[in-house]
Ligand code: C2E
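Read the single chain below, which is given as structure tokens and is the form predicted on its own.
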């Protein structure tokens, strides 16, 4: 278990988390919050077992068990659940041990100091979460530190507390450990804040100087025809090179820059639609553009989109707007109104990442979606995971019943393609056909794809 934990933190998972530096810092703090309780808990448990202080040993073993369960959740990719479990569990354990660490003559209480790094870490880990986890829980932890640090309440029976001589050493150990972890948490928090401010300034400069660009990932059908592409935002940084959206999209959402960036993306996509319409060979192509939650919540969202499309003279029927399933969880009635207004204008709607959120199926029949996308997380393990197979088959049936076009994202292997085709999914997007390409590369791809091996593979299914 420990090897898996370290591997996920420092190998494969790092390469994914590095796209969002905040996620990497969260995982670092979570790792510290798991490792420190295990190390301290095991050491103190062994000592108290030798001293036959069974209650103290049980408290520390509980702490170890708590951290091991957090490690299990971490290994399973349930980072948020692991963080919630560790934050609440450690709070209870620290409060319990504080009651067994009541001040006595010549020995002050020290365990309450662990509330400080716990509060700091919780504040950073849940920085993007709701108000309870982000504000109230850290405040409760700080209140616990103040209450236990300024009072004498607790157990003083000699048979239930540690001997005075070891408690003297324990004060030093607890203070040094707590302050050391607090120092690390504060450094991580300061780094997170500094990078966010720097990223905000650089994004504003990038928007002003035209450093953002669009790449296009082709979408193909089972006959080997290209019917469209998804527009994906990239940042061509003058110093750091090409920056993927995972690094800056979340920061843009927080600062509100996602609104002008989203408007720019829509304008660029419409301009490219107009250019494609000039050639009879490409006039049929559609371009899908992702819409953020912030954009959708704008009161003038519908008017802005209509104005951009009208001014560009793009055919609205060639434009698809993509929403993620999680965006449907709030203000559903308002969302439906906006979607219907743009649908009447001629714009099509696509539901992205379906099956990964928590929206109710009852909403799906009221929303004017023309297209449903199978999330790549279901396609990735499609050949080995029975649950993913069942989900894909369900989505194929659902799309047919709701008369929606179904596209599978993240298709990377011939075996995945064969399985999807045999189950009735006939439209695809993924690295098997092409990575996202700049507009020049996309135009070259359009000309060369009919003679490619991927096209031949697709055509072989329909013979």
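Being a predicted model, the structure only gives us computed values, none of them experimental. Positions refer to the first chain, counted from 1.
The next section is about a form of this same protein that is not shown, the form predicted together with the ligand.
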- Can you check 171-179, 284-292, 144-152, 301-309 and let me know which stretch has heavy atoms within 4.5 Å of the ligand in the model of the complex? 284-292
- In this chain shown alone, the residue from 382, 296, 342, 249 with a heavy atom within 4.5 Å of the ligand in the model of the complex is 249
- Using a 4.5 Å cut on heavy atoms, which of 225, 234, 366, 78 is close to the ligand in the model of the complex? 234
- Item | Interface membership of residue 430, the ligand in the model of the complex, 4.5 Å heavy atom rule | yes
- Message: Although the partner isn't part of this model, could you tell me whether residue 391 comes within 4.5 Å of the ligand in the model of the complex, counting any heavy atom of the residue?
- Response: no
- Message: Although the partner isn't part of this model, could you tell me whether residue 103 comes within 4.5 Å of the ligand in the model of the complex, counting any heavy atom of the residue?
- Response: no
- Query: Using heavy atoms and a 4.5 Å limit, would one call residue 202 a contact residue for the ligand in the model of the complex?
  - Reply: no
- Query: Using a 4.5 Å cut-off on heavy atoms, which residues of 406-422 contact the ligand in the model of the complex?
  - Reply: 409, 410, 411, 412
